[in-house]
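Given as structure tokens, the chain that follows is alone and in the form predicted on its own.
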Amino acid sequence: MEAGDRETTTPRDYDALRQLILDRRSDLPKRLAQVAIYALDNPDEIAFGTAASVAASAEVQPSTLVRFAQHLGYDGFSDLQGIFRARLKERTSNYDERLAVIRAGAEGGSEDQAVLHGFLAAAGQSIDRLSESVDPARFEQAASILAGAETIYIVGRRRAFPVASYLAYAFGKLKVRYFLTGSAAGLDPEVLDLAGPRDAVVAVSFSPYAPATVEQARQLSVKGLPVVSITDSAFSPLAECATEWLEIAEADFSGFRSLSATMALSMALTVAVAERRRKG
């Protein structure tokens, strides 16, 4: 393949690269799949690291990184790494820069209306995607797991914290016993030690995954609790430790990602759990 042809067929932005990896996940050889999981779980490390340091962290040989990059159509690891570095630059753009993009997109009209319509469009796109992709069997299994629990432990930090807070609010109103991690008293380790096999977990996180969420979900999974994860990828560390997981692909507007589909799914899940418990 000529360099020009490769340029048109190989993803040059992170979102497209991520989708390519997800599309090919079932066909990747074992070692390449190991690199793929590490890359999507640790994009910052891929951006900052050397081939040697990344290979050591991913527990593969440096040559495996080269093979992984070439398997996806890149010249080598450095070419692939450039996509992760570009993503990092985009992600770290400050809010002033994001707002400047919105102002530029107003095209002489009202900036307020441009913002409103932009976020409404992103929310609608997110919900449309969920409507098309949600697996009813997985949703029913997730509701069944949570409905059978004595106490539901809710884990979600950073961008997912509003979702975790809503789950706690809804379960409380529906008289479902729960515990929301992240208390100001800092007693999460002691409380999580009380979790038993008759309890369950719902964990929420999206790339870049909150370390505390991943750690607590894994800790409870190791204790034998079933984990229901709401996350964005089969390569998510929350999917890895989950008994059942539900995938959400939220749209964004000028770098601000929507939570519309996630909130809709969470609302449906809490009501489904309460209905199952009511019917006994």
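So that the term is clear: the rigid core is the largest set of C-alpha atoms that superpose within 1.5 Å between two forms. Computed from a predicted structure; not experimentally measured. The first residue of the sequence shown is number 1, and the count goes up from there.
The same protein also exists as the form predicted in complex with the DNA; that form is not shown, yet it is the one meant from here on.
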Hey, of 37-45, 231-239, 24-32, 210-218, which bit sits against the DNA in the predicted bound form at 4.5 Å between non-hydrogen atoms?
24-32
Non-hydrogen atom contact residue 77 with the DNA in the predicted bound form at 4.5 angstroms
yes
Answer with yes or no whether residue 251 is in contact with the DNA in the predicted bound form, where contact means some heavy atom within 4.5 Å.
no
The DNA contact in the predicted bound form: residue 225, any heavy atom under 4.5 Å
no
Verify the contact flag for residue 61: yes if a non-hydrogen atom of it lies within 4.5 Å of a non-hydrogen atom of the DNA in the predicted bound form, no if not.
yes
Need the contact residues for 122-160: heavy atom within 4.5 Å of the DNA in the predicted bound form, sequence order, or none if there are none.
none
Does superposing the core leave residue 127 with a CA shift of 2 Å or more between this form and the one not shown?
no
Relative to the superposed rigid core, does the CA atom of residue 58 travel 2 Å or more between this form and the one not shown?
yes
Superposing on the rigid core, does the Cα of residue 230 end up 2 Å or more away between this form and the one not shown?
no
